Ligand code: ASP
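Heads up, the chain below is alone and in the form predicted on its own; it's given as structure tokens.
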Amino acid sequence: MRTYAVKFGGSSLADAEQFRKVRAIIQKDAARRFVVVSAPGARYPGDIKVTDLLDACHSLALKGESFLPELEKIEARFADICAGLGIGLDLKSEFSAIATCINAAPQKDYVLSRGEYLSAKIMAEYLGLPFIDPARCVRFDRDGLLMEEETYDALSRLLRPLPGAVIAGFYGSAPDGGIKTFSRGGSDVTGALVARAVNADLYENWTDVSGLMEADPRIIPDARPVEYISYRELRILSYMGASVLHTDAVRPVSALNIPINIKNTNRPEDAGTLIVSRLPDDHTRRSVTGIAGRKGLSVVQVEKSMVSDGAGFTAVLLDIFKHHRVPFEQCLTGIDTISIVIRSELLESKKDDIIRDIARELSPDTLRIIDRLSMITVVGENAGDSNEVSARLISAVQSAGVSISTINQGAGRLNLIIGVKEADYVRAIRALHASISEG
């Protein structure tokens, strides 16, 4: 018997009608045995996601203000879902326990996790399947890092004997028994962990889009869906802004070559995007698979004559950022220049201290920070001569009147990353897309 792990995102669980769609999808294929759920998302434009309401409860509690009105909104949301599904699950004791914990010690990870916890309780009742609390089996170490092997072993022992189960996404437990969450969107990771633990034949990730598009449809309205994409390509695009799947959801399943299918809960008949280790031989491949980008970046540029000859120069520079707890996105090096790409929001409050330390430790010839930048990546497993394709793409951007501040070209397969001003972001994306459409 085939086994699928299936994950449903917040938009798929926004209200009772969406829960009914999910059940119909699960019941259509008996292979869909292990179900991972997110917290309910927005029901309509302008609506507030349950996780955001929980975040508001936490913030109010920290300030010593009453969080009960926000918690009551959440309780009403879940009560409406239960009533709409016709199930008699009483959640009053659950909300009483949540209120007690917030009053005693408003621990953010615990508070944020309750949306997934309650969503899974309701879905398990609705489907007649066991409910699995990931606090029992998804394990983090003292530094907040996932303990992968321990998690796989615990999930496997718990799930494999069962005919099926509903698992809450997004969180697990710390060594002290407290709740630890992944970053936002982490239910994707839970789904991937479950898929690997049960050695699933397929990991279906259900959301509100019919797969990955070759570019952001808000910028490129006629962007085409991507039928197949490799794990590597998807991981790069996700990291660089394509929001269809959490970046860390790829590794658990890629280790066992478990395909991922991105599907649309509201259009279940659509094929979606299949993410695989190797593209099918009979698949018509294009030289460029997709384009994605991120705004809100800064570049710290350090210039020093003969920097490449200075033993440990780059290591000292990176240690300065590590000391200030500022992670970097990319490190681009040249003969006399090192450029560090950082999220602007992380750099802003520590900018002066970092500049001071770089000046003191490295005595650069020139030191500057360029703000309001965006980075755009173009990937393609089948680009042929990737250097030729990259040259064509760069030329297209420059011909559109966009100045490129940084260029990083991966070896072998096409993985081009360019930096442009935020003001030129849309124009650059459109120029790149026009170029790949012509090619």
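Note that the structure is predicted; figures quoted are calculated from it, not measured. Numbers for residues come from their place in the sequence shown, where the first is 1.
The same protein also has a form predicted in complex with this ligand, omitted here; what follows describes it.
This chain lacks the partner; the member of G211, G186, G293, P252 within 4.5 angstroms of this ligand in the predicted complex by a non-hydrogen atom is G186. Heavy atoms within 4.5 Å of this ligand in the predicted complex are found in one stretch of 34-42, 369-377, 394-402, 57-65, which is 34-42. The closest non-hydrogen atom of F170 lies within 4.5 Å of this ligand in the predicted complex. Residues of 101-120 that come within 4.5 Å of this ligand in the predicted complex, judged by any heavy atom, reduce to E116 alone.
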